[in-house]
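Each of two forms of one protein chain follows alone as structure tokens, named structure 1 and structure 2.
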Structure 1
């Protein structure tokens, strides 16, 4: 057997376990979910079928359609705010923090990842409550006459999300920034560019792959999250994951839950297609 054939067999042997894992734990469940989405519920029984009634209901039922829009609005808000906060933070860490302190700063940046997601959400519930730290501080400073409602609102959900995703974006942008040669900035400054022009016209465009990678991860994780909207947002505005859990837990409508899940995956796929250009640049 030639060396080339041996290498090919070795490559197939190495890839096969991952392919089998993907087939068993993703492709097969996804196919079952797709078939389930074509069924419908009659009373308490699931009737198999091959119609698109569930999908038509999603886009005609105001409550279901509203759930999609709420998820997109919250996700877009979180992504934009996180990017605007994370890029300056990553730039400061990469260019202004001394090398000897940089590891400590990065360690502090990843601390939120060490905390349980549920614990972190409940911690924000305590902070944002009417008797929480934020309200007590605002009332104590005389900025508010009495506490206002922040919990169980979209603002609370966005706050909880941004707290986590700013750190995630900071790490992805920082990893991109430290790979840039300082000669780019020096060349721009030699040509008469100011510090702001160097950042806006040179550094920022070169870090777009890192920004888009972090933004895509933020989008995917945020739009599919159930815990944070449930704990911080309450049930005033149901997101897509909350609607899916509602169909499963209270109504037992597995076909509709499957259809909503397919729609959620379609949204993520469209987000990937929109950012694929920059994600490919990042891989290069």
Structure 2
């Protein structure tokens, strides 16, 4: 056997376990789920079928269709607010904070990452509740006559999400900013640009790929999350993941849960296709 053929055989042998794992525990279940989405429930029995009934229902049943819009609205709001808040923060840390404090400040900025995700949502419930710290402070300072209900509304969900994704985006945008050569800004300044113009016309466009990658990540993680809306948003309006869990829990409607999952995936795929040309998925 030639050396080259032997090399190839060994290469294949090394990749095979991982590929098999992905095939058996990812591709197969996923295919099974796609099939399941074409079945339907009769009483408690799952009847295999080949029709698009579940999908038709998702787009006609108001409570299900509403879930898609609720999810999209929340995710869009969260993504936009998070980017708008995180960019200046990353910029200030990268350019205004003295070098020796930078690492410390950055670590502090992502400190809440180290609590568990469930606990982080819980602590927002703690803060935003009617008797929580925020309402206490606002009423105490005389800014509000009496507590306003935030918990169990969309505002609470968005706050919890923004908190998480500001941290995430600050990290990605910061790592983008410090890779830029300071010469760009200097050259623009030498050519007479004001500081504001340097940011708007030079720095901001240069960080766009990083921002888009971060925003896409935010979109994907946000739209697929069950914990935050479930703990903070209450039951007035349900997001797609909440609807999926509801189908599972209430009557074991696997077919509908599967169809909703496929819709959720389709939305993510569309978002990817729409933003692909700006994304910079390094190396892989």
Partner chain sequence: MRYLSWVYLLALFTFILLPVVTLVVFSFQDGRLPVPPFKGVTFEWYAKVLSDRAMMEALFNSLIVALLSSLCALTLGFLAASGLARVILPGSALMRGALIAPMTVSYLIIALGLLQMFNQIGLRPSLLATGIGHVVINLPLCFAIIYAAIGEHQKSALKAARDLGAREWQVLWLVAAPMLMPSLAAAFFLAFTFSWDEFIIAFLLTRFDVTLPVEIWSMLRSGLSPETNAVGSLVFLVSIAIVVVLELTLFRKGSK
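In this text, rigid core is short for the largest set of C-alphas that superpose within 1.5 Å between two forms. Residue numbers count along the first chain shown, from 1. These numbers come from a predicted model, not from an experiment.
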property: Chain form predicted alone, by structure number; result: 1
property: Post core alignment: residue 266 C-alpha displaced by 2 Å or more between structures 1 and 2; result: no
property: Shift in Å of the residue 11 Cα between structures 1 and 2 [rigid core superposition]; result: 3.9
